[in-house]
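Take a look at this single chain in structure tokens; it is the form predicted alone.
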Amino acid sequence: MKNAMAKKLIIVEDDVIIREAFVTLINQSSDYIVVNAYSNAEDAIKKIKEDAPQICLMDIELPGMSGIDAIPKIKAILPDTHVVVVTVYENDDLVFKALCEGASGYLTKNTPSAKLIESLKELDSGGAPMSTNIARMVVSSFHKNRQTPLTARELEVLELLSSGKSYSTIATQLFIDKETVKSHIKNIYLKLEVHSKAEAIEKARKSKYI
């Protein structure tokens, strides 16, 4: 039975199976109710005033407007609505972009069902829910050396390289083509004065660039 004070949610997720799974999971809780679910950000923004959700679960990679671009638009209409990113992406640039745009939390899609509900409750108590690996990434970023010759994008590419990602995977994850990845890597080698991926990663880690 639903609590009379149940918090209203909307879900913005283009994968219909994941979207329906979230709806089912959240509606099983007596403390939350999904008032609407959308496959794109544009439709969600059009109806945001009517839905008046306290919480919005937002994917990043959506058809049309990205989830990150949608966050400030939602916050401009309903400043008190908490937007929690739920995505497959774990690179620090996207995490910080989402948080800078006003996200109240950042979860990955492999978050266990019970943890998702716990995260919603964490919001209610003033917390900023994050998956463990995301929280670790945020903390480690404060230990990095910001005096780096590399651009933010080059650092992203190097971070992904250091985690064992292929050129193709990096291209997909950063929404760029494979040739652009190769160009970034060439620039990284030049700036760090190295000649291989292993040397670049070792030097960047020693210098605390990554």
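From 1 onward, residues are counted along the sequence shown. Keep in mind it's a predicted model, so treat the numbers as computed, not measured. Take the two forms, superpose them, and find the largest set of C-alpha atoms that agree within 1.5 Å; that set is the rigid core.
The same protein also exists as the form predicted in complex with the DNA; that form is not shown, yet it is the one meant from here on.
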Heavy atom within 4.5 Å of the DNA in the model of the complex - the one residue of Ile176, Ile45, Met65, Val35 that qualifies: Ile176
The DNA in the model of the complex reached by all of Thr108, Lys115 and Lys121, non-hydrogen atom within 4.5 Å: no
Touches the DNA in the model of the complex: Thr24 (any heavy atom, 4.5 Å): no
Ser162 within 4.5 Å of the DNA in the model of the complex, heavy atoms: no
Partner contact for Gln28 in the model of the complex: the DNA, 4.5 angstroms, heavy atom: no
Contact of Asn40 with the DNA in the model of the complex (heavy atom, 4.5 Å): no
Core superposition between the shown form and the other one, C-alpha change of Val16 at least 2 Å: no
Displaced residue check between the shown form and the other one: Val34, CA, 2 Å or over, core reference: no
Rigid core fit then Val194 CA moved by 2 Å or more between the shown form and the other one: yes
Shift in CA distance, Val83 and Leu160, in the model of the complex relative to the form shown here, given it is 3 Å or more: farther
